[in-house]
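Form predicted on its own, single chain, as structure tokens, below.
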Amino acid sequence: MTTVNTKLDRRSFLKVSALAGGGMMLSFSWLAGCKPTPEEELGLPKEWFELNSYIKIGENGAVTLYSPNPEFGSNVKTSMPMILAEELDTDWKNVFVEQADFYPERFDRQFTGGSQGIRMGWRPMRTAGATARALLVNAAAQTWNVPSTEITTSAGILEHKASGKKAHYGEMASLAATLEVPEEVQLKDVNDFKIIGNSKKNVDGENIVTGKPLFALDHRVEGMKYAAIVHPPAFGMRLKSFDKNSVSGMHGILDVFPISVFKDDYTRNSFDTTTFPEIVAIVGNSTWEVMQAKKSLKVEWENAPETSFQMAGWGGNTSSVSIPAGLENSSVHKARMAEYSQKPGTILRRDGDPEGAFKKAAKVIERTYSAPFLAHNTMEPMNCFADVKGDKAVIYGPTQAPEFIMGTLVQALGIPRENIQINLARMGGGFGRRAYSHHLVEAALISQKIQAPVSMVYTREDDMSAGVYRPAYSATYRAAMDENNNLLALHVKAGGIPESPIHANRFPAGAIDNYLAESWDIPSNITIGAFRAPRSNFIAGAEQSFLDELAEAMGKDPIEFRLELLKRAETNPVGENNDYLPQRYASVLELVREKSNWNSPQPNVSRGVSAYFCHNSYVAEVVDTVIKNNQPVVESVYAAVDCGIVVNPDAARNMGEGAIVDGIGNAFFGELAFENGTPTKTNFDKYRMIRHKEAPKKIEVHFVDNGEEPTGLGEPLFPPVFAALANSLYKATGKRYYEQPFAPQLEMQNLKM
């Protein structure tokens, strides 16, 4: 057992109070809250205190949790209550879950991103559940006049075996609510878990499959209007003028006007990524009518000059950010990245004497890898409901990061923070796209202008042509080898438009005596942002493809080569800033070798391996590819994951499978190019996505069972699959793949895709 303090920070972490209808309410400041569920299947008490962060235990033993983190498919609404129910020692069937709205004064982290939800909530959720259980035990001890140490709990039942007395939690909830919260509580031993580690169905599952309202687009109120936006046709352009009369006579059109997302003196934060701050809004009586008007509106655009603005950094420092002028082209991007890859970069890490090692090398292997911009393409279009009247605003929309857009709403609307309520909708996909929530500001400004509730929605073309993209990247790897093919040094120089993907202190740093990491970047006016496993989604593919080629040149098995490097990092590490644990890294390689039967290859099956560390987790993957009817087919993918304790195994495997399919699709087909600032693909007729028949025929996801506290899971399975696929395709076709996407190169080899 682990003893934890119930007061973890500047706030009182836990407090308890009686419910008006009987029972106990346990409130904790970091992570929780609820209100009655619509289905009162357990006869929930009719009166609840309307607080924002708490566990509720009703007089009948029912437990409700308000899940604060926005949900977009990672199943956090199920996993977090499982943690609570485990330490509370209640019956899972008695647990109800509701989505919390945004309450910054009560929550420290209402953010879905970075694969950190369960990791950050693990200890607070356990502490909350254990504290509630301790209060119930103390209440029973007082009622029965017995020592609390003699009372046991199981599935929501309190029992004193010596006297034969029993009670369900609800019977002791009212008294427990009056007791003082203990300073310390005992957490369960991992070996005693009954709920954690046993799969539970998605708490939203029934509502999803039966089409119940879950999304902001489902929201309707009386008098609601509909809006669309018109933005410049190219990056590097801005609004000059528009002719309102060109659509004023169209049926159902109520108004057309410009809006500006930012005030001139506003200092942005890093999530205030807004592609076009000045746009035109069209308001009407239906989505169809405003979409038709959008096609007819006459707008004049002009080239935008170079601009700059103030950006607040994470540490509180402010810097000036410049956005260059011009209409950019992918052909120019490619040439400039090739140019920058040959120039000296910013040195991020140097171990030993890499320059000297290259001078005396008998052989040097150098390879350059590149990848284009990528669009997020969430299935649910960007949208938001807003109702702004006077000094009050209600916003209801899909956002991963409500905290980061609140300041923007305050400055844009001129309304105090405490008068703006953001209600969180379930998201139909996120992948980083909805961490940039300017669509909430746009809807709010439109509502404020017309003084009526409004539902605003983007078309697919809006999102893809004014998106927040994965940057374009390039990385050059060089390896120095002696006459016996021993590795002497490794040099990586990586950059992108407009950021570098390199993580200088990750593997194989720490495993090579002579190591050099350099970085560069090229400014751009094309808007970029987080994309599933930011930066890692490219650099993992480049790094692991290069290591595979090195292993071949050295005559070594690819897995054994990686394990040798990791053994060196474990026993005699180079440097002090290595941000991975070699033993845990090696464990996933060993597990995937076992589960894939790596040492017993099947005839006509080409295998590739890759392994990567990100978001505090370790993943190794093996991809099996065959050539059928002159077409590469991904037969199987085996994944080994060390993400610590897995709360909900089925959901975890589902996330892993989704990441793998998504990665394979992007590796084969993902590409967004620009001509004179305009994306060349604006819908799925041109932007190629993976199809059902192209997904792996089998995916196995295996977890390392080590009892460590949970780490990230939503993103870590995504980066390794790019290289595992590339290495597998090499074995199948005899060609190395240095540029993403792979499909055009396969077609040049007369292979069908």
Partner chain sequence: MALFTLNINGKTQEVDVDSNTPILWVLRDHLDLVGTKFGCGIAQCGACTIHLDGNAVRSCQLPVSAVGSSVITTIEGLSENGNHPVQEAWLEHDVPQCGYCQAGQIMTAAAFLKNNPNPTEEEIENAMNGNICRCGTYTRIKAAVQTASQKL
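Please read all numbers here as calculations on a predicted model, not as lab measurements. Residue numbers count along the first chain shown, from 1.
The same protein has a further form, the form predicted together with the partner chain, not shown here; the description that follows concerns it.
- With the partner omitted from this view, the residue of Ser330, Ser536, Gln116, Asn202 that lies near the partner chain in the predicted complex is Asn202 [heavy atom within 4.5 Å].
- Between the options Lys263, Lys343, His251, Arg417, the residue in contact with the partner chain in the predicted complex by a heavy atom within 4.5 angstroms is His251.
- The closest heavy atom approach of Glu403 to the partner chain in the predicted complex falls outside 4.5 Å.
- In the predicted complex, at least one heavy atom of Glu461 sits within 4.5 Å of the partner chain.
- Although the partner is absent here, Asp650 is a contact residue: one of its heavy atoms lies within 4.5 angstroms of the partner chain in the predicted complex.
- The partner chain in the predicted complex comes within 4.5 Å of no heavy atom belonging to Asn599.
- Note on the interface: of 148 to 156, 310 to 318, 422 to 430, 181 to 189, the segment with non-hydrogen atoms within 4.5 angstroms of the partner chain in the predicted complex is 422 to 430.
- Contact residues in stretch 515 to 545 (any heavy atom within 4.5 Å of the partner chain, taken in the predicted complex) are limited to Phe531.
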